[in-house]
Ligand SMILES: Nc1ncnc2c1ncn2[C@@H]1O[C@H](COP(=O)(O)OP(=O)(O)OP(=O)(O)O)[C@@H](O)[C@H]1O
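In structure tokens, one chain follows: the form predicted alone.
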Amino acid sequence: MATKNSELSSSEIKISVKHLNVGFPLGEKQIIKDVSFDVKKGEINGFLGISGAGKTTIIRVLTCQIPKKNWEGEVTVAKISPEKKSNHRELLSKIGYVPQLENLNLYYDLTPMVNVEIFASNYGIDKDIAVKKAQDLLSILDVPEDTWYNKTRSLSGGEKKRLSFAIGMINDPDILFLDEPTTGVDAAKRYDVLSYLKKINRNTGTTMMIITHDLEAAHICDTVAILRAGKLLEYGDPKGLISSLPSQGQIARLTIEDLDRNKINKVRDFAPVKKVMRSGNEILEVFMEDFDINLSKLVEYCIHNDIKIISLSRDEATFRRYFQIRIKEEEEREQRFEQGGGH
């Protein structure tokens, strides 16, 4: 990813959001709370969070779908603010948008080529140019050529998804917005879908913003945001976030006989231990400071405290694990705040 960034991106900011608040009505029911971030040219950015975190609300502000009366802050997309309606036409001409469900932007009774041509005509693109663009995009996305002139409803789910991507790219957008791009795709095919987005990014240098609850998307992202209850918890590159964990995210994975709460608490009491996560009926993932020094000491500590270790392995945290840890920390912080009466 670093190589791609150095080749395709610069310090140019394609999306700038400063202190964004969104409410219905504004000032009362807050959906987005003081969110700030930048997305640079050529980056793939992932906005990650569970349903209801506020991800789609942010993309709706950026794509002119929420009126200014419902949001405040400083927002620019391709250096244009969605604040003024008079800016919307120009802003929308510079972006592509792929909705969560293909039936919102595909005509199933028409062919893939005609689908792309129709959307190209919306941007005033000449038919001959549109056909060439469609051929190039469908080829990049590996939509089989023998399906280009069949009805779109006959395509597989993955092919429909890729056709939807081609439509989003037909106007050579500065920025491509994707709302839950892996929704409706078989679990075994999700990474294929993400790989095609990466392929588009490498071939065109298009900046992308992916709104998703699918944590596998982090694998193709240059930067990720973790959103919860309308608040931005973290923002950065996935590897950098993982390395912020104790010992740069190294894990001691212990299988412990008859694992129970008392044994978990006993392991947690070992001074170098910073975080403990249960990941199975008898499995603990342990994060420690000075991992290499303290791993053998942890084993001795367990033996001394009658904690029988069946197996031990070392691993590195995934982004999924980082996300789970960060969400849990926020939940615990909120619980402490509530128990303290808001103080």
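All residue numbers are counted from 1 along the displayed sequence. Note that this is a predicted model, so its numbers are computed, not measured.
Heads up, the form predicted together with the ligand isn't pictured, but that's what we're talking about next.
If contact means a heavy atom within 4.5 Å, which one of 35-43, 281-289, 53-61, 310-318 is the stretch that engages the ligand in the predicted complex?
Result of the contact check: 53-61.
Can you tell me whether residue 304 touches the ligand? I mean in the predicted complex, with a 4.5 angstroms heavy atom cut-off.
Residue 304: no, not in contact with the ligand in the predicted complex.
Heavy atoms within 4.5 Å of the ligand in the predicted complex: does residue 298 have any?
Contact check for residue 298: no, nothing within 4.5 Å of the ligand in the predicted complex.
Though only this chain appears here, would residue 213 touch the ligand in the predicted complex if you measure heavy atom gaps against 4.5 Å?
Yes - in the predicted complex, heavy atoms of residue 213 and the ligand come within 4.5 Å of each other.
Counting only non-hydrogen atoms and a 4.5 angstroms cut-off, does residue 29 reach the ligand in the predicted complex?
Although the ligand is absent here, residue 29 would touch it in the predicted complex, with heavy atoms inside 4.5 Å.
Please pick, from 159, 180, 174, 117, the one residue with any non-hydrogen atom lying within 4.5 angstroms of the ligand in the predicted complex.
By the 4.5 Å heavy-atom cutoff, the listed residue in contact is 180.
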